[in-house]
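One chain comes next, on its own, written as structure tokens: the form predicted alone.
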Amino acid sequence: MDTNLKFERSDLSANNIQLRVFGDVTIHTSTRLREQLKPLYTTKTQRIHVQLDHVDFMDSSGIATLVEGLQWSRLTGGKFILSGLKENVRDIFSLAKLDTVFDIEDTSQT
């Protein structure tokens, strides 16, 4: 089990932040993802783009963490965008019908 989750944050502008995630997002690592995202949930941040192109596996705790981001975006009028989902991760979103509620881009481009 890989518990080594890494992040690469890019501040594209003062209110447009991109977070690239590297590793599996599981019950053992989702807290670290939450720690990276939570400070971004401010009224100053208008757009958070989470790139998942280096995530091979995500369990329900990872999805719950991303749902928090979605809730933040709906409360504040911000945007919470996912991109670069690998097929197995995209399948999880599809099975849970979350692919219809998240703003998911096919590429990792911003």
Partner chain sequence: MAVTVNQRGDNIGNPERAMPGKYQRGKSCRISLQLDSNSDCVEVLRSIVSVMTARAGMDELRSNRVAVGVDELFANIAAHAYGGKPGRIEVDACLEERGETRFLIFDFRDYAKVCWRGDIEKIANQPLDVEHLCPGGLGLRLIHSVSDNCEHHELEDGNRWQLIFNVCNGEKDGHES
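Positions refer to the first chain, counted from 1. A quick note: this is a predicted structure, and the numbers were derived from the prediction, not measured.
The form predicted in complex with its partner chain is left out here; the points below concern that form.
In the model of the complex, its partner chain sits within 4.5 Å of a heavy atom belonging to H28. With a 4.5 Å cutoff on heavy atoms, D11 does not count as touching its partner chain in the model of the complex; it lies far away. Its partner chain is not shown here, but in the model of the complex it comes within 4.5 Å of a heavy atom of D56.
Looking at V67, you'd find a heavy atom of it within 4.5 angstroms of its partner chain in the model of the complex. Using a 4.5 Å cut-off to its partner chain in the model of the complex, each of S60, Q71 and A96 places a heavy atom inside that distance.
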